[in-house]
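Listed next as structure tokens is one chain, alone, in the form predicted on its own.
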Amino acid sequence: MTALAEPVEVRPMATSALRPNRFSLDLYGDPAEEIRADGLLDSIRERGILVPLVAAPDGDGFELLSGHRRLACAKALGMESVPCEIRDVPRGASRRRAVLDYNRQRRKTFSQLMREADALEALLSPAARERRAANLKGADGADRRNSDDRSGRTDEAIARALGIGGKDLYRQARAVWRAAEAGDPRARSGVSQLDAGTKSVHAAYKDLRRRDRFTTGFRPTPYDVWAFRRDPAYGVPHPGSIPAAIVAHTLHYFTSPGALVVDPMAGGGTTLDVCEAMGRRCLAYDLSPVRPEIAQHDVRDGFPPEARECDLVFCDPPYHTMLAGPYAAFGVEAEPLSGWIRFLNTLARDAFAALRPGGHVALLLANQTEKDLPAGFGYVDHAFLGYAALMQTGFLPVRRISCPMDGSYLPQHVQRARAEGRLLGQVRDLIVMRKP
């Protein structure tokens, strides 16, 4: 934009005369929430405003094009005026483009980049359509569909402007963003991780693409050892998340399409997502839900009425004292071992009452080996305790399936265990029983 390259005078401008740019706020959020975290407030307090703000005449005042965070700092510090450049930039697309240009070097989250991409697509799409039309049919009437039209030129330009890499990576980022905007909870979780810098665009996109693994060409294992790894494409990050394939195989072997599955301790929603992929209905509950599709309910109060006559109850409970820290303080994992056993007995009775005749319960439990063991115990066999509770209630045993944990021990943990002659816990079992 040539208007931005012209020399301009810098002059003091009253902070009260400057209005924020709504387009900028929509892209980057309220600057008042950032200025304390990024250190800018302390810098301006010590050194003043070193880079002038930029504003355009707007009615009886001026609209900011650049400097929203600096203006927020000035107001927080009680400054009555700030150094400002005045540029006569027309309203509409020209101002929106100016805001994008002035913020080109700004450090941004993934969400801010994607909102910039939304804006750039809106700005560049009309020109792209005209270019495509001109390439398809020239003025002489000749068909030019095979001429020098470069597909993806808009994607390339936006990816270059955002500094996000080539058009392929840009398209992956847009796929994740659009899925999140459409309400996909796993894509939203991916966006949160991208914003925090804990996940790459490619990893988030792979999670998105893998979600058909249980619908297209699913090949279940025919053995009773299910050694699967956790798949972040299903469920959102949550303490004690389980491999989605355990749920998928349980659904395959013990339910039919359209069956009603109840998960009373849904955690990050892995069961919910696998049921959706495999054509099962799912009611998911949790003491402290992390997704809107999971209803808040304490299973210690029994199963809700809508869960009655279900086909499968899938339970991956928070084991006695294990991972107690990350869970809510009022959960069952804080109970002593006697309280945990009472919980298992109550859960078994309530699951029996909720299931239809012939329905199944699947209880996933791991041994406790590392801490909080009763005096003289080398381990606590939670699977045995679950088996006993289900049998006592009246269930008939169907299968005990070994689902070894995929092992998240650090090398130093392994070395210490070898030196001390200890065994690290990996044993986990899925107890499946049927209501007569």
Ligand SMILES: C[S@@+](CC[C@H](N)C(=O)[O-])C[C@H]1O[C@@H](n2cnc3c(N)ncnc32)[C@H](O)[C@@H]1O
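The model shown is predicted, which means the values in this text are computed figures rather than measured ones. One rule holds for the numbers: they count along the sequence shown, beginning at 1.
Not on display, but discussed next: the form predicted in complex with this ligand.
- Looking at 168 to 176, 250 to 258, 280 to 288, 98 to 106, the stretch with residues near this ligand in the predicted complex, meaning non-hydrogen atoms within 4.5 angstroms, turns out to be 280 to 288.
- Using a 4.5 angstroms threshold between heavy atoms, Arg342 stays clear of this ligand in the predicted complex.
- Although the partner is absent here, Gly240 lies within 4.5 Å of this ligand in the predicted complex, judged by heavy atoms.
- Among heavy atoms of Asp118, none comes within 4.5 Å of this ligand in the predicted complex.
- Contact between Asp316 and this ligand in the predicted complex is found at the 4.5 Å heavy atom cutoff.
- Taking a 4.5 Å heavy atom cutoff to this ligand in the predicted complex, the contact residue among Gly268, Pro185, Pro232, Gly359 is Gly268.
- Note on the partner interface in the predicted complex: the residue among Ala159, Ala72, Cys310, Val299 having a heavy atom within 4.5 angstroms of this ligand is Val299.
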